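One chain is shown next in structure tokens, namely the form predicted on its own.
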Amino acid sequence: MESGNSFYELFPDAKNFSQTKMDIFKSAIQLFAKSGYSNTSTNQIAKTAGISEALIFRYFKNKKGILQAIIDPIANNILPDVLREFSREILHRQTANLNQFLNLVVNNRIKFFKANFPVIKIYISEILYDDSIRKQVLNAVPRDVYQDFNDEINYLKQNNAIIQWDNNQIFRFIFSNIFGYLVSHYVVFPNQEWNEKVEVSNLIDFLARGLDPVK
């Protein structure tokens, strides 16, 4: 995660946290991102924060309460704003070139992920295992962003620049592959070396070949 103001952009309520609550919160983010929510104990969070375990329960009630304090503000407030910004930057261009469109989408999402890595890694890990969090994240996507995506795909279709699949299928194809790239590199195999520039290029090429209207 970026230091400085970006933390408070993700968690504006944290500006009102006491130093002890902030230490617990940041320690939990660090440990959840490193070891996963299920593999992190409140005792470990307390030791990393340099406080007694009892203080965790005073501020957050339980470990689930800390997770919700991380998840809720992003799902309810930050994610919709981020997606609308993504829509303004990428989906309002009326790009008639498939490779250009995919380059913009893939690199934009990877850049966002890397800038907020610890928190987004927690999201990815929990989305894989917690159905309620998965639904919460999906419900946070604004309807107008879906509409903007549909408009951009329809524009590509009108210019015969993309395959004539159902738009929902195109959406799933693009974002499931981006999601798979992020999960494999940052969650499943975080210590494995790879050439990011080459693999991102290969991901875009794979998507372009799959969505090419001429096969």
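Numbers follow the displayed sequence, beginning with 1. None of the values given here were measured: they were computed from a predicted structure.
Beyond the structure shown, there is the form predicted in complex with the DNA, which is absent from this document and is the topic of what follows.
Participant: Residue-level question: is F57 within 4.5 Å of the DNA in the model of the complex, judged on heavy atoms?
Facilitator: Flag for F57 set to yes.
Participant: Taking any heavy atom pair closer than or equal to 4.5 Å as contact, tell me whether T42 reaches the DNA in the model of the complex.
Facilitator: Yes - in the model of the complex, heavy atoms of T42 and the DNA come within 4.5 Å of each other.
Participant: Is K26 close to the DNA in the model of the complex, meaning a heavy atom pair under 4.5 Å apart or at it?
Facilitator: K26: no, not in contact with the DNA in the model of the complex.
Participant: Just to confirm, N160 within 4.5 Å of the DNA in the model of the complex by heavy atoms?
Facilitator: Contact check for N160: no, nothing within 4.5 Å of the DNA in the model of the complex.
Participant: Please name which of the stretches 44 to 52, 163 to 171, 180 to 188, 150 to 158 has residues with heavy atoms lying within 4.5 Å of the DNA in the model of the complex.
Facilitator: This holds for exactly one stretch, 44 to 52.
Participant: For the stretch 59 to 80, I need every residue with any heavy atom inside 4.5 Å of the DNA in the model of the complex, listed N to C.
Facilitator: Counting only heavy atoms within 4.5 Å of the DNA in the model of the complex, the contacting residues of 59 to 80 are Y59, N62, K63.
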